[in-house]
Ligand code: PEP
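Encoded as structure tokens, the following chain is the form predicted on its own, with no partner shown.
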Amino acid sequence: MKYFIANWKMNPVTEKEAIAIAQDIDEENVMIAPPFVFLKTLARRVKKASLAAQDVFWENPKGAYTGEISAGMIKSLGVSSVIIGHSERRRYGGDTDERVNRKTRAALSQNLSVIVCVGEPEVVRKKGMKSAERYVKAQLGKDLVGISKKNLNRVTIAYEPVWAIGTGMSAKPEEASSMMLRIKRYMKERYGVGIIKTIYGGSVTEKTIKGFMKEKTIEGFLVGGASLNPRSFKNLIQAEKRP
């Protein structure tokens, strides 16, 4: 069964809305990543789904870092995972590959599972798949430096082609699957990790998801805006069961 991460980004506005959405999509193969301010409340309300933070700071467990949240704080809420290096964090939050690496190491040190996001921009993709592969491998090489093989077993790689985020465009299922296969091979060759989870973070819709569901290398989906609409999100989840 494929699993789904609902990345709410900076949505919704109120706690009441957050509770309503979470309760509607509270299923066992779902992970909900709400804004930090809702994590504590949802940790008490969500019964089946797991929770993830959308980001983390690289120092633990506390310190003089105004506005930041540590992995220790996240863990104290009963949250099990964190998303690191999302394309929007790289674009708006100043996350370089070095920062992604430091954040990943901090999260793993607190026994959190990590979803590391990688993906090429449009200017790279236009040069072809080989160019995109080199770009993604370079990201992974920097993002995961110094992390032990044991800890890598708690890392999931989310492939999110930047040119497909919030644009309405999406990679073809076979293209996404091909990139994930290349990621798996790279992880095995460089780090000796034979089994690494790979999920797709490009835009998927109710019309396109069936094609992605058929690809074995795609083990799940990182879903943005559609996860805020319980009806649409449930349709994505149930697509695997429909003929």
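The model shown is predicted, which means the values in this text are computed figures rather than measured ones. In case it trips you up, residue 1 is the first one in the sequence shown, and so on.
The discussion below concerns the form predicted together with the ligand, not included here.
The ligand: the contacting residue among 178, 208, 203, 60 in the predicted complex [heavy atom, 4.5 Å]: In short, 203.
To test your reading of this chain, name the stretch in 178 to 186, 195 to 203, 26 to 34, 43 to 51 whose heavy atoms come within 4.5 Å of the ligand in the predicted complex. Correct option: 195 to 203.
Examine residue 222 and determine whether its closest non-hydrogen atom to the ligand in the predicted complex is within 4.5 angstroms. Yes, residue 222 is a contact residue.
Residue-level question: is residue 165 within 4.5 Å of the ligand in the predicted complex, judged on heavy atoms? Close contact exists here: in the predicted complex, residue 165 approaches the ligand to within 4.5 Å, heavy atoms only.
Report yes if any heavy atom of residue 160 sits within 4.5 Å of a heavy atom of the ligand in the predicted complex; otherwise report no. Contact with the ligand, yes.
Would residue 9 count as a contact of the ligand in the predicted complex, using a 4.5 angstroms cut-off between non-hydrogen atoms? Residue 9: yes, in contact with the ligand in the predicted complex.
Residues in 65 to 87 with any heavy atom within 4.5 Å of the ligand in the predicted complex: Sequence-ordered list has one entry, 86.
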